[in-house]
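Only one chain is included here, represented as structure tokens and corresponding to the form predicted on its own.
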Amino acid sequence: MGRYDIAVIGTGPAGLSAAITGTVRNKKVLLLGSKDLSLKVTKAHKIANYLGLPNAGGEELSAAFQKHIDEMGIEITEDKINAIYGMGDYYVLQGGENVMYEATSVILATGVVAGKPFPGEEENLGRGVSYCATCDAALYRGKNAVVIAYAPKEEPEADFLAEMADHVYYIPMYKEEPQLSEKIEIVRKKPVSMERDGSKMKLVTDDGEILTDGIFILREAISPKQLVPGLVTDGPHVAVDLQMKTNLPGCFACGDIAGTPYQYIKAAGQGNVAALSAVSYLDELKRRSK
């Protein structure tokens, strides 16, 4: 696989624009996200202010995006990144099933994470709370765990966890009826908070408590400060300058994650800027090494 020049996380307008610009500048680009592109775009009724596509529907705009990356030979690696670690002059990205990617620079284009973390979530991250069931499943052999899932696509992770753990409680935060292994107990309760209880975790719900060995929170996206240790944020957004630079060298952010207004055309423009900044960063590293 080797090390990429630029890893772009997110397949909305910002991420696609960044991947296109990075590719045009002849950089080795890894584009991570959903092959369905952005559902937020696809489901839009009419988009009145996207330059060159007046009154385009969401499906029309999404099709145009897909055609563009196809013609440029840009492939999407369908994986959810659970953590990004700075290693000095490059980054390591942890995907599902503990797959690791390396990139010299990273562009965050993951959108805004809806909702606030649960009380006790951030404090217990890595010590009873996790965002990746397939990554940590082996740690739960002979134990029990709770999965709080925000979309049906997370169900395979719970099934995988159930192959290792003695018992898995599954709390769906969506309307559809879960299709899960018979080994999994579906719990129709609303999570309220989580806390340590000796060597175990306690999940407090609106209808009692669940004592467990671990809690997995499977959301569409992970908040940026939890995704990238040391990243400076401003509320739900990543703090960036006009070049889309974050406080971390080689790490850039664009689109909704970089702040309002939440507009498709603004996101695409920022993706372009972020990629140009990443290219400048890479070129500067090359000059320093000579």
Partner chain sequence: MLKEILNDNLDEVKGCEYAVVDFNATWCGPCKMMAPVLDDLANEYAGKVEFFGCDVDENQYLAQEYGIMSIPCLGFFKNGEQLDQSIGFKPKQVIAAWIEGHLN
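Computed from a prediction, not measured in an experiment: that's the story for all the values here. Numbering follows the first chain given and starts at 1. Rigid core here is just the name for the largest C-alpha set that superposes within 1.5 Å across the two forms.
What comes next is about the form predicted in complex with the partner chain, which does not appear here.
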Heavy atoms within 4.5 Å of the partner chain in the predicted complex: which stretch in 183-191, 123-131, 202-210, 146-154 meets that? 123-131
Tell me, which of L218, C135, V112, A162 has a heavy atom within 4.5 angstroms of the partner chain in the predicted complex? C135
Scan P119, P178, G96, G86 and let me know which has any heavy atom within 4.5 Å of the partner chain in the predicted complex. G86
Kindly indicate whether V92, L139 and L248 are, all three, within 4.5 angstroms of the partner chain in the predicted complex, using heavy atoms. yes
Classify G235 as contacting or not contacting the partner chain in the predicted complex by the rule of any non-hydrogen atom within 4.5 angstroms, answering yes or no. no
In the predicted complex, is there a heavy atom of the partner chain that lies within 4.5 Å of any heavy atom of G52, even though the partner is absent here? no
Check whether P261 has any heavy atom within 4.5 Å of a heavy atom of the partner chain in the predicted complex, and answer yes or no. no
Quick one: which residues from 204-234 get a non-hydrogen atom within 4.5 Å of the partner chain in the predicted complex? D213, P229, G230
Could you check whether the CA atom of M201 moves 2 Å or more between the shown form and the other one, using the rigid core for the fit? yes
Core-aligned C-alpha movement of C135 between the shown form and the other one reaching 2 Å: yes
Once you line up the core, how about A83: does its CA shift reach 2 Å between the shown form and the other one? no
One pair moves by 3 angstroms or more in the predicted complex: the C-alpha atoms of E123 and D234, which are closer
